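Single chain ahead, written as structure tokens, the form predicted on its own.
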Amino acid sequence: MFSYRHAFHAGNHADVLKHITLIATLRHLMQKEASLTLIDSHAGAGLYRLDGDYTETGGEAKDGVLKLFAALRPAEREPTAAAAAIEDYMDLVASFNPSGALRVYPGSPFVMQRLMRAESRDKLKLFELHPTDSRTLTAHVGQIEAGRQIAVALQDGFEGMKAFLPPPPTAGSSRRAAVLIDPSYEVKTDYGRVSACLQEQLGRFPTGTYLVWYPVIPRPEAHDLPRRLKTLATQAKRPWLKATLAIGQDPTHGPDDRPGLTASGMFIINPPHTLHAALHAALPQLLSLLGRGRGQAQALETGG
């Protein structure tokens, strides 16, 4: 279970979709002054070098964030207009690269950290079970001197989040939380654990905003997961939104080459009412910019 390292995949098309959705969600939730508890179930190392050994080995950022910046913010000409959610994402990534060259990619923990509000006393709970990544994450968090605003735990996030949900009430007696659940899914049982976790947390804290990332791959468990999440949301009488992006197969790959991940999805329970419009504008542009070869597609569904 410790073989997976997100550093190989940092900044790929799945990260682009996940982080655009995460940023658009948090922007809306943070319009209210009341504090927000943020939870990342599988936090990884937090920050990644796009010119490091891991990302160079996988090269997946070339079909993700690097391709996006090359198309929309090339050095040799004026930037191209993009959907607001894409612009917001690119601004945040650029803020980690003040030199202008993309060398650092922020994972979900630092996407959340960058949006947190000290004056509202937002809290961030990060869980990572891989010992090396957990140590790296702890070191990265320590460098920003966030104090008690951010807590890192070497713990299984499915279990660890239970201690923080429901979150403590704010001054107005409301309880607010956004939970990102994004395991690697390299262990087949992760699919069942995601749906079991959501079922339990919806029973404990039905008004939380839950964001689930999942791969779109030819595996029965992967196919069934969004259907199960839709059933859970419907049974709990909560609204939901599902967004998927498939960039298609690389036409330069031969018939015997492993295609790698070509599609992924985000399933959000209790999404902000602004999220549908934000992704409706962003997804077609992402497909146009990142798409390649056969199998390109994007879809957006809502319910509840």
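Because the structure is a prediction, the values reported are computed rather than measured. From 1 onward, residues are counted along the sequence shown.
Another form, the form predicted in complex with a small molecule, is not on view; read the next lines as being about it.
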Contact test, all of 128, 157 and 193, partner the small molecule in the model of the complex, heavy atom 4.5 Å: yes
So in the model of the complex, does any heavy atom of residue 43 sit within 4.5 Å of the small molecule? yes
May I ask you to state whether residue 95 is within 4.5 Å of the small molecule in the model of the complex, using heavy atom distances? no
Contact between residue 133 and the small molecule in the model of the complex at 4.5 Å, heavy atoms? yes
I'd like to know whether residue 231 contacts the small molecule in the model of the complex, with contact meaning heavy atoms within 4.5 angstroms. no
When the small molecule is placed as it is in the model of the complex, which of 197 to 205, 179 to 187, 162 to 170, 222 to 230 ends up with heavy atoms within 4.5 Å of it? 179 to 187
